[in-house]
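Before any questions on how it binds or moves, here is one chain, the form predicted on its own, in structure tokens.
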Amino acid sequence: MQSYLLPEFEVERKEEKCIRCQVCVRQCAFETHRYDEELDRMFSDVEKCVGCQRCVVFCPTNALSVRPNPSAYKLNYSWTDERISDLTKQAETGGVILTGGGNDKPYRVYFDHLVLNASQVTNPSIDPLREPMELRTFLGCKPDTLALESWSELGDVEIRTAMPPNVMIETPILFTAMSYGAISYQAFKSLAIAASEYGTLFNTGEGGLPKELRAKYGRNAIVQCASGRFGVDAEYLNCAAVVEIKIGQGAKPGIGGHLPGEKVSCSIAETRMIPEGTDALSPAPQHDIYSIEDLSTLIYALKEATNYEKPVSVKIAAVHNSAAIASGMVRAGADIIALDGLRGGTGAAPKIIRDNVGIPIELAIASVDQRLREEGIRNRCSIIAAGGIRCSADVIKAIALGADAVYIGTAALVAMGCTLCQKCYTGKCNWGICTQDPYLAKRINPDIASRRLVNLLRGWSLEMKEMLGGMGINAIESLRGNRDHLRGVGLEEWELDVLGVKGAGE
């Protein structure tokens, strides 16, 4: 059947520069490029191009360029090119349109409408090059009060209060849940190495933690207990720093997971504890959780299994009643609340869900933090925000809105080479990240990729210290929930009210 779809991209090849080396053929898993021996000429099938730019980067003579197809349907603000293409695709396939990556719709990014305060004369700024600047963060429940006892003439004190389990990280930036299976072993290991080297945490996602990585990297791992219970055993829970119950994620609230059987290799099957080659299906609900009381039962079962030595986190998608849900979760015993917003990325999700369900993370952070403060239970949990964290300024603004730390996912993948072609669900990632094809996966060198990730964390952390110094703050803890350091620009009154910030100039 003749397809009515227009190609997304056009490929231009400068024949005078092309040396027929066929690097582009070998680099493209989508088989966009081919070499005709009889004609001694290269051809490109533009219908197959996904715009990942891998061929452009690796072309030794810079003979290639890939750009969006200039062809377009007649301008119609109701029936855009994207709407027509999606409708045409479903008319030809009769299926659900899948996509990868995060929400790319022009919803308001509130981080871009918030500006930070800066110290001037009466409250001088701090130079982070000459003054100590504290980014160290503790995740977990904090006691209501501390009983102290002096024990030396030097003024040293001893804490008499029994402290709940907390995890210390050197920067308030963690790698979000990306499971082995959704991403390659090499990409997964790169995240583990980087977290270990920089003193932060990576999240295993719902695919388990390979046994050979547990001893060395478990202390920097957040292990998930999701609806499929993949890879969950006593050793898995006890080797980790934090245990996280996954209820939902920002890219697909209320939707389960599905790893196709063709991706379930021998190693993935062993890690997930399922038969090789079988689909790994995660139901949308956890069938033992239908109330806050059920959630509490699982939280304390996991605490019991880990001898009450590890914080237990609960991850939910940011939705309109996140604040009420979070309140119930804290009272159910959760030590950490992970909020995943509308712009959260994913390896595979129904496009219609990703683009239309959930709320922006900025609004969720502010509403959850405010609700917990009003109820006097904010100290009983930490808040980790995720879903659209793109730079160090986003981190600082998220913490000022009320988060303790942030998860990054897409930013970490971009640091490793991802160009957001959003074809993760095909398993043909040309950059070796979202694939289980051995030929493609080996394009990621964990030593190099982890170094790029560490550089990202270091760069963001240095920028955060500069911003804190400019605000006259020498510890990230002093910024948490301090919305006086934020002002809104170009926001409606209701948006300022939800965010809990004043307009610029007030």
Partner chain sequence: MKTGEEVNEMEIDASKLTHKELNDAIRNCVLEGAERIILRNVYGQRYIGTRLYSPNPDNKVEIEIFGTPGNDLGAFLNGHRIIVHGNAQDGVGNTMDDGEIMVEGRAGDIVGMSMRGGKIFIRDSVGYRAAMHMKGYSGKKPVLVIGGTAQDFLGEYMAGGIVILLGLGNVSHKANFIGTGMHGGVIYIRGEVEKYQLGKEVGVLKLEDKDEEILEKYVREFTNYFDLGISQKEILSEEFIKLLPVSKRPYGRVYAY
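Positions refer to the first chain, counted from 1. Not measured: the values here are computed from a predicted model.
Unshown form predicted together with the partner chain; subsequent notes refer to it.
Think of it this way: in the predicted complex, the partner chain has a heavy atom of just one of 288, 170, 158, 127 within 4.5 Å, and the residue is 288.
In summary, among the residues 231, 402, 341, 345, the only one with a non-hydrogen atom within 4.5 Å of the partner chain in the predicted complex is 231. Not displayed here, the partner chain is kept clear of residue 113 by more than 4.5 Å at the level of heavy atoms in the predicted complex.
Within 4.5 Å of some heavy atom of the partner chain in the predicted complex lies at least one heavy atom of residue 95. When contacts are judged by a 4.5 Å heavy atom cut-off, residue 89 counts as touching the partner chain in the predicted complex. Although the partner is absent from this view, residue 260 contacts the partner chain in the predicted complex, with a non-hydrogen atom inside 4.5 angstroms. Contact with the partner chain in the predicted complex, defined as a heavy atom within 4.5 Å, is made by all three of 275, 281 and 301.
For the partner chain in the predicted complex, the listed stretch (177 to 185, 134 to 142, 235 to 243, 75 to 83) containing residues with heavy atoms inside 4.5 Å is 235 to 243.
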